[in-house]
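Only one chain comes next, encoded as structure tokens, the form predicted on its own.
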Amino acid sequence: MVPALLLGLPAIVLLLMFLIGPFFAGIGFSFTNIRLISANPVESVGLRNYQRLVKVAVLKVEPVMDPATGQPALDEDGNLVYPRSRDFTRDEENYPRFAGTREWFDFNIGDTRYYVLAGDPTFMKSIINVIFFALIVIPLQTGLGLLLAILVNQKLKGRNFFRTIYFSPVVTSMVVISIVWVFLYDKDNGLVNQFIGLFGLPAVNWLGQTSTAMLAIIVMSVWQGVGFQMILFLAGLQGIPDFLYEAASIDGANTWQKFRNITLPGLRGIFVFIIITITIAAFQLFTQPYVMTNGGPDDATTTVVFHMVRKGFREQDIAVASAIGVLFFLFILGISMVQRFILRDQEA
């Protein structure tokens, strides 16, 4: 017993120093106003950091009236003029419910304008960004991984070569891959624009436009990670007994019927594992936007983890960064609980 404890002691100490200790320290920091470098004493602020992150309010305003005509005022372009949202968010005395918020986005219903305010609009944008990323990457990467697995599972010459080619991006550094794709997406000399130029299409600033930056990262991420899903699906395909397909052929089943009634049920456990792991990885998105876009343009590629790192180390706001980390941990915990429920249902 004692020799076993001595052998495990270095690992236990390292886990306490670099994993367990920082985890509980981060929870404690999230209830304070601690900054990375500050002469001010650390004070407890309760749930203020969490309230700031999740606070959302809606401000309804009507057009500004022209006192001379009694009609709504118009700007130089002929558009209605509305009060600015900051006229309300900065007036804490008359509008306390909007205190500490900033404009997230606005929309009009008729002549009435609605400002959606948030305590941390960038945090809200990062949540929307990772949800959008996950909703596209999960089905796309899962479907392509299954397709590639079926292709390389065929008894054809050179299949090991293609397995290696498809899997090689997975074992390559994400930083290196991100840098390479930055050059591929370059507006002036990138191979992507040169390729679409062959069809007479104009060059696109893939990483410099809010409408294309996240899509460009999605394409690169799917290409980089699909090889891992391919290997998992390939292992699942090889675990399905051949006699099931032989029996289906004797009964007159076609290819689609075999796929639907034998292949998909046989891969159910692999599907569950892959979807859960892709979901967790999608919400942990950091390296690609950090290297390729630095979270821009206009926070179009900012993610939860990227925002947490920026808050903690660039802005030195360790307290808010810790609160973001705790919220992120709770979300991942929720994903894990869903996974346990699905797997338990499968076993039953």
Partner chain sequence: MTASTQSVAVSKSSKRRLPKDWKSKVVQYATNLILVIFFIFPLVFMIMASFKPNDQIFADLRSLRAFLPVGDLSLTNYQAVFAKSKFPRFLFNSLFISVTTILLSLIVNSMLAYALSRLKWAGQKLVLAIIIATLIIPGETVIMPLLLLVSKLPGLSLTEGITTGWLNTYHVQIIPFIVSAFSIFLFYQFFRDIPKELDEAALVDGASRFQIYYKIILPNSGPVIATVTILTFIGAWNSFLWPTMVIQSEELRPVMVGMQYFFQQDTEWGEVMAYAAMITIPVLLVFLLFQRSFVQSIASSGIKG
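Positions refer to the first chain, counted from 1. This structure is a prediction, so every number in the text was calculated from the model and none was measured.
What follows is about the form predicted together with the partner chain, which we do not show.
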property: Any non-hydrogen atom of W181 within 4.5 angstroms of the partner chain in the predicted complex; result: yes
property: 4.5 Å heavy atom contact, I217 to the partner chain in the predicted complex; result: no
property: Contact flag, D186 vs the partner chain in the predicted complex, heavy atom cut 4.5 Å; result: yes
property: Touches the partner chain in the predicted complex: I34 (any heavy atom, 4.5 Å); result: yes
property: Proximity to the partner chain in the predicted complex, single hit among T255, S211, Q71, N79 (heavy atom within 4.5 Å); result: T255
property: The single option of L191, L135, I109, L201 touching the partner chain in the predicted complex, heavy atom within 4.5 Å; result: L191
property: Non-hydrogen atom within 4.5 Å of the partner chain in the predicted complex for each of A39, T279 and P297; result: no
property: Stretch from 270-278, 114-122, 101-109, 87-95 whose residues place a heavy atom within 4.5 Å of the partner chain in the predicted complex; result: 270-278
property: The partner chain in the predicted complex - contacting residues of 220-242, heavy atom within 4.5 Å; result: W223, V226, F228, I231, L232, L237, D242
